[in-house]
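Encoded as structure tokens, the following chain is the form predicted on its own, with no partner shown.
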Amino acid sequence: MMHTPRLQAHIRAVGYGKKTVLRDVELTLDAGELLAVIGKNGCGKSTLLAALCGLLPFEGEACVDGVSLSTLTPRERAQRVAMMIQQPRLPHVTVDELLRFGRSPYHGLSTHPNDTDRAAIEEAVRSASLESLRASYLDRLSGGEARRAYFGLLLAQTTPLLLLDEATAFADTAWECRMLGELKRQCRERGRSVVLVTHSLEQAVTYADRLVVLDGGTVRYFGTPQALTQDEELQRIFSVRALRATDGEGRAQWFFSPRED
């Protein structure tokens, strides 16, 4: 029986107007896998996610579980792909109301939540630590709290594919670790697949199963974190050198410091 990747994409060209940002990008992602997308500012990381989510037209094709996203209605696409954007809007709604929006791809906003909706929302509240914020208005929260609320929205949508653009922006260290650990749990226990855009090499190497490095408008590297740490060319791209250490249980930990050459 032939294996079907969770995400299979070939983006021949994507950009804005006459400006092409990315060319010849090919990606595959299996169920339960976390893929980190890294690269310097302006390399096209957010553009890639916008294309995969259907927010930006592109030349090529992207399939989720073997189904081309271009053949789906917006509602059908939202049942398969959920995206957390880098700078979400902050409307005057409560966190609870925001989480209900995550169930709208299944029956619109006018229907009262059913048992499935309520269960998805309650799990999202627990997973995003939103218990104390449920009645709070989104536009009155701190930046970090608002990001947590949108993380809850992402989870409440219960899609097989999650796309996150700088998910830990404004997060303190404790919540950053909690969120990334929760994403790994979603992959491991729920079989969801995650594409995570991040500026942090440490985050990417620590949490990702595979990495994509964008540079010069295309994919410079697609592979395991371990191989990335040994690639001198990639260390030159980021102007860093990789340092390996081990924790108290003998597990590898990677750190990056500026190159001196």
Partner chain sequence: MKRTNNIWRTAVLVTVLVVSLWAGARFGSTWMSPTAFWGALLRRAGFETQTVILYAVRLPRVLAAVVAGAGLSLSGVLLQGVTDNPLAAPNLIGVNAGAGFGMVLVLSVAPTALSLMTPAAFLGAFLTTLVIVSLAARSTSRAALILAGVAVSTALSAVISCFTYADTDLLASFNAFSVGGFAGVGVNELILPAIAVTLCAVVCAVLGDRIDLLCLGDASARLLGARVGALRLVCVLCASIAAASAVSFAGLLGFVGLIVPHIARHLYGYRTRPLVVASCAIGATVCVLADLVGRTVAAPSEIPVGIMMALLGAPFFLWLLVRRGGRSTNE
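As the structure is a computational prediction, the values presented were derived from the model and not from experiment. Numbering follows the first chain given and starts at 1.
From this point on, the text means the form predicted in complex with the partner chain, which you will not see here.
53, 213, 62, 43 - the one with a heavy atom within 4.5 Å of the partner chain in the predicted bound form: Going through each option in turn, the one that passes is 53.
Residue (of 119, 177, 93, 169) lying close to the partner chain in the predicted bound form, criterion heavy atoms within 4.5 Å: Exactly one residue meets the criterion: 93.
Heavy atom of residue 89 within 4.5 Å of the partner chain in the predicted bound form: Close contact exists here: in the predicted bound form, residue 89 approaches the partner chain to within 4.5 Å, heavy atoms only.
Touches the partner chain in the predicted bound form: residue 158 (any heavy atom, 4.5 Å): Residue-level check for residue 158: no, no contact with the partner chain.
Non-hydrogen atom contact residue 85 with the partner chain in the predicted bound form at 4.5 angstroms: The answer is yes: residue 85 has a heavy atom within 4.5 Å of the partner chain.
is_contact(residue 140, the partner chain) in the predicted bound form, heavy atom dist at most 4.5 Å: Within the cut-off, so yes.
Per-stretch contact check against the partner chain in the predicted bound form, the hit in 122 to 130, 169 to 177, 184 to 192, 97 to 105 (non-hydrogen atom, 4.5 angstroms): It is the stretch 97 to 105.
Residues 74, 78 and 109 all lining the partner chain in the predicted bound form, heavy atom within 4.5 Å: Yes, all three are in contact.
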